[in-house]
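Quick setup: one chain, the form predicted on its own, written in structure tokens, and binding and motion questions come after.
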Amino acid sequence: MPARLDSTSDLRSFQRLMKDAVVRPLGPGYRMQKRWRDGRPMADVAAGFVRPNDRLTAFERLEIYNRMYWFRIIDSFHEDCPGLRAVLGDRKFDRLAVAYLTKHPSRSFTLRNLCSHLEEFIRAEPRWTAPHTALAREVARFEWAQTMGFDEAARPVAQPADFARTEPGRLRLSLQPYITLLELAYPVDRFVIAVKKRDTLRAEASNATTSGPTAARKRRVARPRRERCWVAVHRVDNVLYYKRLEPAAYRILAALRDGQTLARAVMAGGRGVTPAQVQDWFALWAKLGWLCRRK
């Protein structure tokens, strides 16, 4: 690193060096690593572009930013995954957070995408979540679906004219991008609701003046037992909702999402589906604004 920045190239090199130092994973004890990536002492590297002051060395000053960055990232991970934290417990969840964020660091201007690879990571490295890996994967999928449901884009809703001018054998609709359909082996929707309710009560209790431990502080949400269910995570008027679906309704929606024609999607529901059921489902989905024109 040059002593002076005499060109935009020098400035770019300095910015990259600073960024690499700040986002580099922490070492033991959540401290800045003692060695740089080429093996040099980190204290020598820091001294090359950070000035010490009368209280802190260059290493210590840089470490503040390194730790602040990682604590903010880990804190955001905690905020996005209350259900997964309840499944694993705090200590195991913290280890998962560090392992995941080291392998999948934030690469976006927004922390919104932080957990986009979490379910994939749990599947690839189950040791961080064993013996509850199957449940952890489903909770991770569900909590990422909440992120998608909250702020993914909305497209123009399908209108009656779209149905009228195209026959069912040719009409292809789509689902709103913010909707995620989940076929689950655990009732994680109810589990996450219970966790959030518990956390709300705990927060209210911590702000109240009491003379001892409260029930909210002691309460633990039990891990759910296996139970197949079908859920749509969606939003209405900027409020997030989870809606249970009948299996046949799920199959129809999944077929529409995957590009099937309206006629084939209805057939995917199965032989036991009646015209009255299909009519009721489509009336509800239209009311909720779930159906949109396919691009």
Partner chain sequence: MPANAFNGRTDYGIGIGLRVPHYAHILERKPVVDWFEIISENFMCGGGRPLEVLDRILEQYRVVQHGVSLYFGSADKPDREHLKRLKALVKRTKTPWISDHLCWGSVDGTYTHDLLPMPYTHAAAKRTAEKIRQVRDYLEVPICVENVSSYAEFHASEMTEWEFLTEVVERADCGILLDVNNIYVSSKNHAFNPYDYLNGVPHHRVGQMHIAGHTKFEKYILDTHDHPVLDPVWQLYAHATRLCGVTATLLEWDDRIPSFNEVHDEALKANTFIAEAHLRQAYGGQASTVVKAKAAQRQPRARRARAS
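In this text the structure is predicted, and so the values were computed from the model without any measurement. Numbering follows the first chain given and starts at 1.
Omitted from view is the form predicted together with its partner chain, to which the following refers.
Residues in which of 193-201, 99-107, 163-171, 130-138 have heavy atoms within 4.5 Å of its partner chain in the model of the complex?
Result of the contact check: 99-107.
Among the candidate residues 28, 270, 48, 41, which is the single one with a non-hydrogen atom no more than 4.5 Å from its partner chain in the model of the complex?
Exactly one listed residue reaches within 4.5 Å, namely 48.
Is it the case that residue 151, even though its partner is missing from this view, gets within 4.5 Å of its partner chain in the model of the complex, heavy atoms only?
Answer yes; at least one heavy atom of residue 151 falls within 4.5 Å of its partner chain in the model of the complex.
Could you tell me if residue 182 has a non-hydrogen atom within 4.5 Å of its partner chain in the model of the complex?
Residue 182: no contact with its partner chain in the model of the complex.
4.5 Å heavy atom contact, residue 246 and its partner chain in the model of the complex
Contact with its partner chain, no.
Are any of the heavy atoms in residue 65 no more than 4.5 Å from a heavy atom of its partner chain in the model of the complex?
Output for residue 65 is yes: heavy atoms within 4.5 Å of its partner chain.
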